[in-house]
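Just the one chain here, the form predicted on its own, laid out as structure tokens.
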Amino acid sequence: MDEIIKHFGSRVKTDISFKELTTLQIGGPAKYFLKVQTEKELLEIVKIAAKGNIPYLIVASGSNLLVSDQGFDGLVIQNSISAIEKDDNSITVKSGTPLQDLVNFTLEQGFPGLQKLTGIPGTVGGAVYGNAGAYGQTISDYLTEVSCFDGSQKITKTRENCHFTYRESAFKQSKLIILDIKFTLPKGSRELLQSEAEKTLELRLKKYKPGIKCPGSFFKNVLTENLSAETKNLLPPYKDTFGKIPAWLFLEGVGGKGASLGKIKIADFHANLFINQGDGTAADFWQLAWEYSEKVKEKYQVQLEPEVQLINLPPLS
């Protein structure tokens, strides 16, 4: 850390609480913290940390994180590198760019393909990492390549090599750091795209109330093809949505709506929203999520998987 502090000076902070770094506003301290604003800074800090065997964690807006009450005993690097460049119908985006900025840009340019992602918090890099999506549209649909850093050099991965599946990507299984993302988009009608985005946002705001302290939907939806006939028969009448059954349906079926532990509550209007009502703890959040995932497994023989990244916490299965 001496070399990092020598290099970045007073920009290196100590004991910054994850309550300040996540939308959930839960989590203990980051032992060291640094916000980077250029790619050069990001590569420099990662190289120094790797050389000194300093554990590091890269975050952005913190919208999809549940961090333990013990925090992270290492260096937290906040990626604030933001830029969008256009070349004909291709767009290259820095990973720290807010996802909404990219969506707005495509709407202004009349490029369809990302309009249903409006209202999703977080950055483009985070969205690519988790292959974020909504209403049948995903960030990877028109993605063509990703520039990333493997700790020693920059490499480029084609869409095929990113191995995107439902809420998964190759980046979750590797140490690769996402730097730039390139999209090639078709041309469409600005008016129609704007209308569709507005309707999508209206639907989203019914579920995610402004100011709500939550990490988004906590559990992944369940792929219909993975359900047994026995499990399907246990479910109430439902509509298969883009090949998936919503996780809230299973959680609601085991009494999840409105359940609480400490200051953590499952929304009484949506059983897959776990909300911090103020001064909630990661321990209570994890325990509540575990208890209801176990109830789902017992009743439906389905193992729910978290969509949210767990930091310094045990897995839920």
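Don't overthink the numbering: it's just position in the shown sequence, from 1. Note that the structure is a prediction, hence the values are computed from the model and not measured.
Note that the form predicted in complex with a small molecule isn't included here; everything after this is about it.
- Within 4.5 Å of the small molecule in the model of the complex, a heavy atom is found for not a single one of Gly27, Ser68 and Leu288.
- Ile178 is the sole member of Leu114, Leu143, Ile178, Val76 with a non-hydrogen atom within 4.5 Å of the small molecule in the model of the complex.
- The contact with the small molecule in the model of the complex, taken as any heavy atom within 4.5 Å, belongs to Ala132 out of Val222, Ala132, Val103, Leu185.
- Residues with any non-hydrogen atom within 4.5 angstroms of the small molecule in the model of the complex fall in just one of 106-114, 152-160, 212-220, 239-247: 212-220.
- Proximity of Ala271 to the small molecule in the model of the complex falls outside the 4.5 Å heavy atom cutoff.
- The small molecule is not drawn, but in the model of the complex it has a heavy atom within 4.5 Å of Gly62.
- The small molecule is not drawn, but in the model of the complex it has no heavy atom within 4.5 Å of Lys232.
- Though the partner is left out of this view, Gln309 does reach within 4.5 Å of the small molecule in the model of the complex, counting heavy atoms only.
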